[in-house]
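First, one chain by itself: the form predicted on its own, in structure tokens.
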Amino acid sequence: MRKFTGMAVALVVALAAGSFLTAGESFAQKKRFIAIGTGGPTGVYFVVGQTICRMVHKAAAEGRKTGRKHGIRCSAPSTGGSTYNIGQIREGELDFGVAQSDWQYHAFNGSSKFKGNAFKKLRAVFSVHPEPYHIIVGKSSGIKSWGDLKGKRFNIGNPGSGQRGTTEVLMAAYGTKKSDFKIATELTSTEQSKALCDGKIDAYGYTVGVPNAGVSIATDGCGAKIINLKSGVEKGLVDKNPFYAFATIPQGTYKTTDADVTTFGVMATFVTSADVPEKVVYEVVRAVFENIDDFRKLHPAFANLDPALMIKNALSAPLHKGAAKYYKEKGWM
């Protein structure tokens, strides 16, 4: 009995001592594991998530004399993409995620796939790189425009991905149905280039930063090409939707890009939930922007990242308080 009482007293004393820690000390000493939703392992979203984790871990000073003792540990697994990430943030399964700017808009405003199901706790953190919508066609497919896809084997993308969402928007704008294709496959971004090169599909749609390793598998590997999307249909989408803009894939980006390709696209954005603590978001944002030069070097799509634009471009959900706090401290807001 004495032994039990002594242990109990010791436990009470320890808990009492812990209660006198400052908020900052408690936060620093307690590890916080965060998960970032990305995309397919060959896509730029995956690189975004991995890079953010790298910056967070670089800033961490546990075990070192200098740096941030924020206690955050980070993972960025491959996921289904934009709408999947937003859904999992909403469910509390992910803390952060990368998502196309159009799906950030629709999720917060309850439009498109989110009609009647608005995610009002969705919060913007920053935007990253432009993401043109590509239609990559097989070397011998004969496809030169959207209309030529009729009767072809076309990969519309896996459910939950941003590319699937944008493809469906374009299909609706053109009045195209799944039955208009010979086959409408649902391959992931990891599978589609190999399927094209193996002759299993004739083309696929893909919303992704430039350049992209997955796209180069098809263009540089088996002579696939990217076609223009600059008709009145795309112009109508750009004119009506603030999250769309025309974009150029420059000549020479890939071996078969022998001229500039005009298409339309979105921005990649980094999002979270209002339920994620302010200190966590602040430390993640701080880690990214204090190491922005290192960030730019980790993928060609990041080369021209500009903090002044990242904190405002393509952000339709409210800024998370933790992000806004850092931007105000820097005098950017």
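Numbers follow the displayed sequence, beginning with 1. Since this is a predicted model, take the numbers as computed values, not measurements.
The form predicted in complex with a small molecule exists for this protein as well; it is not shown, and the discussion that follows is about that form.
Annotation: in the model of the complex, residues V44, S82 and T207 each come within 4.5 Å of the small molecule through at least one heavy atom. Using a 4.5 angstroms threshold between heavy atoms, G39 counts as touching the small molecule in the model of the complex. Proximity of G157 to the small molecule in the model of the complex falls outside the 4.5 Å heavy atom cutoff. Mapping the unseen interface onto this chain, S193 falls outside it, with no heavy atom inside 4.5 Å of the small molecule in the model of the complex. Among residues of the shown chain, Q104 is not one whose heavy atoms approach the small molecule to within 4.5 Å in the model of the complex. Partner proximity in the model of the complex, defined as non-hydrogen atoms within 4.5 angstroms of the small molecule, places exactly one of 179-187, 108-116, 215-223, 159-167 at the interface: 159-167.
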